[in-house]
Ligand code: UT7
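This document opens with one chain alone, in structure tokens, the form predicted alone.
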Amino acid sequence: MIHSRITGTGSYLPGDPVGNAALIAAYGIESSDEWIVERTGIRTRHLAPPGTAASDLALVACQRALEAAGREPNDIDLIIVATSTPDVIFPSTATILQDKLGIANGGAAFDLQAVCSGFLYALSVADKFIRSGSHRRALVVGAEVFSRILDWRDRGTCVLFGDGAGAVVLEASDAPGVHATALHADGRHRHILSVAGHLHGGQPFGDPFLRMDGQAVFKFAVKVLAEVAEEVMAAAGKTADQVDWLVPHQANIRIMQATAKRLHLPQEKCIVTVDRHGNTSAASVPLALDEAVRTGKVGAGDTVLLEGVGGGFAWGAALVTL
């Protein structure tokens, strides 16, 4: 039986960290460092400079993941980029990334849009490609420049997000790595987190900025993240006490703490980077995973529960052994 396994991780954060006080001063936001930290746990985030695209961030993350896996770019025959902030309308950011990596083997490359759950969706899709035998090695990427879609007058959203990219190399293996994945969506809740604007005839129509009902998102996220985690553990035949680490979507420290509590996982098993990265949407899970691996916290043989939830509403989880 063919399995898939993560063999390398990588990430990239643009520029220097921007603290809450500096962000407030730069954009005249009516807030305070204390309020932001208390409500979200966020202290700093990274913002991409003008002219930097999602593919630029993804490129560095992928190069680091390839190096960690001991692979060359042309070893890759599948690229899936999860992003809500693509470089252009088309072609896909994945094909732009393929070109920047110098891959000329004709492998498949496409984008996937599931907002903050995008990396989990992409990982699940890549796992199925590899299990089918059609592909051997994939780059699964989350890359975002959310700073481009923020309304700096909306203090309820603009302080929450940051830019970044994370990537993993997923390879065919005889030994199980990705034990199980689970994906869900419920479009009835699409209005509580969205960017409703669009282009028509070369002109923007509708609201081009991210809008969110924070309280509704919080309640929904805590509920479905606990449910999908239990679902994926059951599918893998595992229990919570067999999970070494929880790597949740890094949106809000309160959501992460509430989810761990519902799963009866001690808080020290929860990987937290939201304090330094903010919410990087599809990039948040692979960013957090890579940091945990590179700092030695998460190691080979560890069983890790990955999960995310975002606009759509869409959510998903994966249980993997590294």
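All residue numbers refer to positions in the sequence shown, first residue = 1. Fair warning: this is a prediction, and the values are worked out from it, not measured in the lab.
Missing here is the form predicted in complex with oxa(dethia)-CoA (UT7); even so, the following discussion is about that form.
Visitor: Within 4.5 Å of oxa(dethia)-CoA (UT7) in the predicted bound form, counting heavy atoms only, one of 132 to 140, 89 to 97, 155 to 163, 229 to 237 shows up; tell me which.
Guide: Result of the contact check: 155 to 163.
Visitor: Would residue 218 count as a contact of oxa(dethia)-CoA (UT7) in the predicted bound form, using a 4.5 angstroms cut-off between non-hydrogen atoms?
Guide: Looking in the predicted bound form, residue contacts with oxa(dethia)-CoA (UT7) include residue 218, since a heavy atom lies within 4.5 Å.
Visitor: With a cut-off of 4.5 Å between heavy atoms, is residue 214 one of the residues that contacts oxa(dethia)-CoA (UT7) in the predicted bound form?
Guide: So residue 214 counts as contacting oxa(dethia)-CoA (UT7).
Visitor: Taking oxa(dethia)-CoA (UT7) as it sits in the predicted bound form, is residue 27 near enough to touch it, meaning that at least one heavy atom pair lies within 4.5 angstroms?
Guide: No, residue 27 stays farther than 4.5 Å from oxa(dethia)-CoA (UT7) in the predicted bound form.
Visitor: Even though the partner isn't displayed, in the predicted bound form is residue 112 close enough to oxa(dethia)-CoA (UT7), meaning a heavy atom within 4.5 Å?
Guide: Residue 112: no, not in contact with oxa(dethia)-CoA (UT7) in the predicted bound form.
Visitor: Between the options 269, 43, 254, 262, which residue brings a heavy atom to within 4.5 Å of oxa(dethia)-CoA (UT7) in the predicted bound form?
Guide: None of the other options qualify; the answer is 254.
Visitor: Name the residue from 103, 193, 246, 224 that puts a heavy atom within 4.5 Å of oxa(dethia)-CoA (UT7) in the predicted bound form.
Guide: For this set of options, the contacting one is 193.
Visitor: Which residues in 277 to 314 have a heavy atom within 4.5 Å of oxa(dethia)-CoA (UT7) in the predicted bound form?
Guide: Heavy-atom contacts to oxa(dethia)-CoA (UT7) in the predicted bound form: 279, 309, 310.
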